[in-house]
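For reference, the chain that follows is the form predicted on its own, supplied as structure tokens.
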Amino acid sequence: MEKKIAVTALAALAQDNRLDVFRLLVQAGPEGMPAGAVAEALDLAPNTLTFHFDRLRTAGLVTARREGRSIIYAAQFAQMNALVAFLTENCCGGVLCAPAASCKPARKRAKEPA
């Protein structure tokens, strides 16, 4: 990851609401969440949330897709892992101390019939 890209991502995360949004989307996994559910979960006004989503998208940390009338936002795990790798690249004097594995969210399984 280039330093400029890392700075952009860190700047996007350096705000309380955007950090909360990103962490919620990480918890939601690759399926993401509708914008309305994010607004409700974090008690944010939709117009404010749109601004925060735009900053996170510009930084490459989230994606958006349309499903019917909803816009679904999802964390970009590859970009998140690249940022963590960039931050820990030279830690501990070159001794491997970075996280052992990149975050690879588990796919949600279909519910089994009762």
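Throughout, we count residues from 1 along the sequence that is shown. Source: prediction; values computed, not measured.
Another form exists, predicted in complex with the DNA; not displayed. Remarks below refer to it.
J.: If you check in the predicted bound form, is Met80 within 4.5 Å of the DNA, heavy atoms only?
T.: Output for Met80 is no: heavy atoms all beyond 4.5 Å of the DNA.
J.: With a 4.5 Å heavy atom cut-off, would you call Ala35 a contact of the DNA in the predicted bound form?
T.: So Ala35 counts as contacting the DNA.
J.: Quick one: is Thr58 in contact with the DNA in the predicted bound form, heavy atoms, 4.5 Å cut-off?
T.: Result no; Thr58 lies far from the DNA in the predicted bound form.
J.: At the 4.5 Å heavy atom threshold, is Thr88 in contact with the DNA in the predicted bound form?
T.: Outside the cut-off, so no.
J.: Tell me, which of Val26, Leu42, Val84, Ile71 has a heavy atom within 4.5 angstroms of the DNA in the predicted bound form?
T.: When the DNA is considered in the predicted bound form, the option within 4.5 Å is Ile71.
J.: Using a 4.5 Å heavy atom cutoff, which residues in 11-48 contact the DNA in the predicted bound form? It's fine if the answer is none.
T.: Heavy-atom contacts within 4.5 Å come from Gln15, Asn17, Arg18, Pro34, Ala35, Gly36, Ala45, Pro46, Asn47, Thr48.
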